[in-house]
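Let's start with one chain on its own, the form predicted alone, as structure tokens.
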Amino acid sequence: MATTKTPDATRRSERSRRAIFDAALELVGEVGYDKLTIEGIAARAGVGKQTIYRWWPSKAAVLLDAFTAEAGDGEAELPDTGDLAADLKRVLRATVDEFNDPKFEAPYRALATAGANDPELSQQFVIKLQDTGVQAYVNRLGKAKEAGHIAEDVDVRIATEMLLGPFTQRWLMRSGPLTYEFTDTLVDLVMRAVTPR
């Protein structure tokens, strides 16, 4: 008599989770955040909506987990070639490419917008996504300060915000194009402000 193997619930759950993530990311790009629904995600993923509600309380929570799963875990680190301005320009140019990619832009913009009206989501968004990236800049600028490339009285957290704030503002408000020229200019201006006299 043949023995039947018990299905591996962990593998089935992981397949369902991956299908839900894929569905959420695809749909937010197709219909936008306002029209994104748990029902739509469930239908696209081929699962019951009760499966989604068992793991997440809202569409925002699903989208945040889907997006951060795509971003990956681990501590981000900026390159250190010894030329701070060149390193910052290289990283910000790569960030321009990422933010101009519709597959990245749609979920990130949806989460940023939803977070403006949902303090809990905003806090989770910052913890899961932004803190790591911001800290990478703080760490890199901190090393440059230790090496004497940044003035001793500069607060590296504020210097980081001087770089990333205008970038985020331009992208979020669509007040101008995100270009390499823009980010190179940002770096040049911030370097003028923080370099020892």
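Fair warning: this is a prediction, and the values are worked out from it, not measured in the lab. In this text, residue numbers run from 1 along the sequence as written.
What comes next is about the form predicted together with a further copy of the same chain, which is not displayed.
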{"property": "Selected contact from 40, 166, 133, 142, since only one has a non-hydrogen atom within 4.5 angstroms of a further copy of the same chain in the model of the complex", "result": "166"}
{"property": "Among the candidates 47, 69, 172, 61, the residue which, in the model of the complex, approaches a further copy of the same chain to within 4.5 Å (heavy atoms)", "result": "172"}
{"property": "Residue 20: touches a further copy of the same chain in the model of the complex, heavy atom cutoff 4.5 angstroms", "result": "no"}
{"property": "4.5 Å heavy atom contact, residue 30 and a further copy of the same chain in the model of the complex", "result": "no"}
{"property": "In the model of the complex, residue 185 touching a further copy of the same chain (heavy atom, 4.5 Å)", "result": "yes"}
{"property": "is_contact(residue 94, a further copy of the same chain) in the model of the complex, heavy atom dist at most 4.5 Å", "result": "no"}
{"property": "Site check 123, 154 and 161: each within 4.5 Å of a further copy of the same chain in the model of the complex by heavy atom", "result": "yes"}
{"property": "Pairwise C-alpha change, residue 132 versus residue 32, in the model of the complex against this form - closer or farther, 3 angstroms or more", "result": "closer"}
